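First, one chain by itself: the form predicted alone, in structure tokens.
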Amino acid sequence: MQRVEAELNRLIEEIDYDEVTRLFASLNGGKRLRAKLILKIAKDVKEAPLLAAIVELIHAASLLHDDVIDDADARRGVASVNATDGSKTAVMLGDILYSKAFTELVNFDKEVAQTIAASVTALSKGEMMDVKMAEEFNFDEALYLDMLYLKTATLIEAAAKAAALLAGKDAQAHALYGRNLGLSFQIIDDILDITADEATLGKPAMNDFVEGKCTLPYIYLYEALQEDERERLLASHAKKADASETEWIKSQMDVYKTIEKSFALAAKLSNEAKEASREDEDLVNILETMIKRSY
């Protein structure tokens, strides 16, 4: 990972603007999941750290734009750029990171470059779907999972596939691994938004529902409730609910086991990914660590 960080620093320095350097340094890099995947899959390929850095620039850019869309004050426990420097600056920084990433990406093999580039288009489409779906309560599980794939899983899928292409490994098997890892990872995050506390999350608990996002536990809850109870759930959607309503929602999720049902789907996707990567112990370990996150 030191080589990835070195490449990131080099790419940012090449932009040659102190303001970009300052703002990028203020970002919390997070788990670097996509970079770690690339390094594990293509560990013997000299271009792997650069590809990992490119993907991390793309991911950072998407989060900058996401924070502006969500009007988020914090990201990973630290103040967001739009909170400290304004939304215009956050959007422009995201654009610069995207542009720099693509400037470097064109130097890679055509299939590798197309794999990453196509995922960025899908990611942006997923973000737009997410915004549109938040306008009203969504109870369509298939639609939600489609959006989740585009917004979150597609870049992880592309990172795994592109790394496999670099290393001469089975690209489709690794793409399936990345897709399912991305989906199950986000489903676990959706669960943690409900079950974890604010200190752990770095944002208020149950914030997704306040923002209008109907994740799987809410979709499953809607399916299970009686008509009058559904109306009560809908009345709390996309607004800050008081403590009594929050506790009611959580209690009904306990009754109908919607957290457990959501986790079961994440586990199923994870097991499919394990099957696709069963010969690679490192990739299996990533899945096992991800699925064991407390909820």
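What you are looking at is a predicted structure, and each value in this text was computed from that prediction instead of being measured. Just count from 1 along the sequence shown to find any residue number.
Omitted here: the form predicted in complex with farnesyl diphosphate. The next part is about that form.
- Contact with farnesyl diphosphate in the model of the complex, defined as a heavy atom within 4.5 Å, holds for exactly one of 69, 27, 265, 45, namely 69.
- The partner is absent here, but in the model of the complex a heavy atom of 152, alone among 80, 115, 184, 152, sits within 4.5 Å of farnesyl diphosphate.
- Considering farnesyl diphosphate in the model of the complex, the lone stretch of 120-128, 81-89, 105-113, 168-176 in range is 120-128 [heavy atom distance within 4.5 Å].
- No member of the trio 246, 250 and 253 reaches farnesyl diphosphate in the model of the complex with any non-hydrogen atom inside 4.5 Å.
- Taking non-hydrogen atoms only, residue 222 never approaches farnesyl diphosphate to within 4.5 angstroms in the model of the complex.
- For the chain shown alone, residue 58 is a contact residue for farnesyl diphosphate in the model of the complex, at least one non-hydrogen atom being within 4.5 angstroms.
- In the model of the complex, residue 63 approaches farnesyl diphosphate with a heavy atom inside 4.5 Å.
- Contact annotation: residue 100 falls outside 4.5 Å of farnesyl diphosphate in the model of the complex, judged by heavy atom distances.
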